[in-house]
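Just one chain is shown here, as structure tokens, and it is the form predicted alone.
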């Protein structure tokens, strides 16, 4: 442990040195008349964005991977959307009304919207898309669709959605329900057609996804760019080399251990924003010996989260104690000190649970996510310190989604759960009957609370419910909840207009090159 801490200290000193260099450079530039000034958005240009992963499918009603959603946010839209604070705003619906009992939603369709194939958007497209989502065969990864009792078109511009019972997060989840044209369904997985600011050009497997400005986009004045290429570069070092050379203009969700390189470069800049993401070490509760809560608690006490944040995320992160980000402050319960780092207590619990000498375990890490790999390497050393021999297994992302996430074939894994707009959508993944409850957590009180939270609109009552749910996850040591990493974006100085959202998306609509 001491050698690891010395190594970490050297890394932190190096980071502080380079951040100081970067600050000095900025001051020197400002003193010579190169200070930052507000730029007027300019039209034109080809933006290249480095992304580490391949999309799984561009069918928006079947896509699971966050890597897909960060791209298709620019292609597809729903009746409503959200702003940078997570507030619900109009999109393909220009307005809506909600009945007093919270079961009837009436949406008025926006006029003049066209699909990328040139056809006008109609209510038939809305009904088709929602009916497709309601079809269990589609496999859409949301739960609200089963609560719809009726879809009714009132005239040529209004559609009424009636729910079987009140569902508090309905609007926040409806924001993810993309509207698509029926005629494009046969090929939509590889040739997407939506109403967004950019239209699909090509997808070269393992290389890039290219989009072009949609000139008939309904939101006036944007987008500014002519072309956007999402270049698939799995290796963070290679992505950084491309950024420095000008072959790439932006790297979203930058690996924090190279942030100092951006801060020290005169022609690059580093943007920071909230990630609203939960990085955790998931535990398969159906695998022995993890059925014993004492053993799961021991693992939690064995992990020094402060050290992980400094060592793996270079200090760019906030410590958490349950499955919610501090970014959702309305519902967030601060449980970050529920399991303070205490290896002595960890060993005591291991012995009490019948494992005084520890045990072997496989820690499966998604190879494409550098932060999770670095975190996992440090976690393995911490587990070793209390007698748990963790063997690291690097897993390709497609394999991770299939074997670990879908088939639940793993012991321990580190991953990030992306942000949502409503606490129900964040915490529902742990209910006993949730299809993707890959931790295999089952808890009657938890299930009842989640069910109760669906029907309540009073803020104080919802806060109490979801904070108690977070406490249960911590008490039961369902996972090791590590951090909410900062959202770091590296880009060249000439790029402007980047916006941060509480969800895992890259909104290129407002991005432009300064002239």
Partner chain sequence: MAVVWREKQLAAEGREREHLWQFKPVKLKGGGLSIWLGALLVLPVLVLALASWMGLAPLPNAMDIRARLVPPSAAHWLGTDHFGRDVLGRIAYGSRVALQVGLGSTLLAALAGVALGAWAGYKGGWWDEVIMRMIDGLMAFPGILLAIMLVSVLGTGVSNTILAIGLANLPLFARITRGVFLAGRSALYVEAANALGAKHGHIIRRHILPNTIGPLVVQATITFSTAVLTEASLSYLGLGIQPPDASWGRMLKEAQPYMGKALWLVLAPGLAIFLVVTALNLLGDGLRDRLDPHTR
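Residue numbers count along the first chain shown, from 1. The structure displayed is predicted, hence computed values, not measured ones. Each form is matched to the other, and the largest set of C-alpha atoms that superpose within 1.5 Å is called the rigid core.
Omitted from view is the form predicted in complex with its partner chain, to which the following refers.
Please pick, from 123, 394, 152, 201, the one residue with any non-hydrogen atom lying within 4.5 angstroms of its partner chain in the model of the complex. Spelling it out, the residue with a heavy atom inside the cut-off is 394.
In the model of the complex, which of the listed residues (411, 422, 261, 292) lies with a heavy atom within 4.5 Å of its partner chain? Looking at the other structure, the residue within range turns out to be 261.
Heavy atoms within 4.5 Å of its partner chain in the model of the complex: does residue 235 have any? Looking in the model of the complex, residue contacts with its partner chain include residue 235, since a heavy atom lies within 4.5 Å.
With the partner left out here, check for me: in the model of the complex, does some heavy atom of residue 378 sit within 4.5 Å of its partner chain? Within the cut-off, so yes.
With a 4.5 Å heavy atom cut-off, would you call residue 343 a contact of its partner chain in the model of the complex? The answer is no: residue 343 has no heavy atom within 4.5 Å of its partner chain.
Proximity of residue 222 to its partner chain in the model of the complex, heavy atoms at 4.5 Å: The answer is no: residue 222 has no heavy atom within 4.5 Å of its partner chain.
Partner absent here, but in the model of the complex, which of 111 to 119, 89 to 97, 235 to 243, 270 to 278 has residues with a heavy atom within 4.5 Å of its partner chain? Among the listed stretches, the partner-contacting one is 235 to 243.
Pick out the residues of 292 to 314 whose heavy atoms come within 4.5 Å of its partner chain in the model of the complex. Going through 292 to 314 in order - heavy atoms within 4.5 Å of its partner chain in the model of the complex - the hits are 307, 310, 311, 314.
So that I can tell if residue 397 moves, could you say whether its C-alpha shifts by at least 2 Å between the shown form and the other one after the core superposition? Shift at residue 397: 2 Å or more after core fit.
Per-residue C-alpha change between the shown form and the other one, residue 370, threshold 2 Å, rigid core fit: Superposed on the core, residue 370 moves its C-alpha 2 Å or more between the shown form and the other one.
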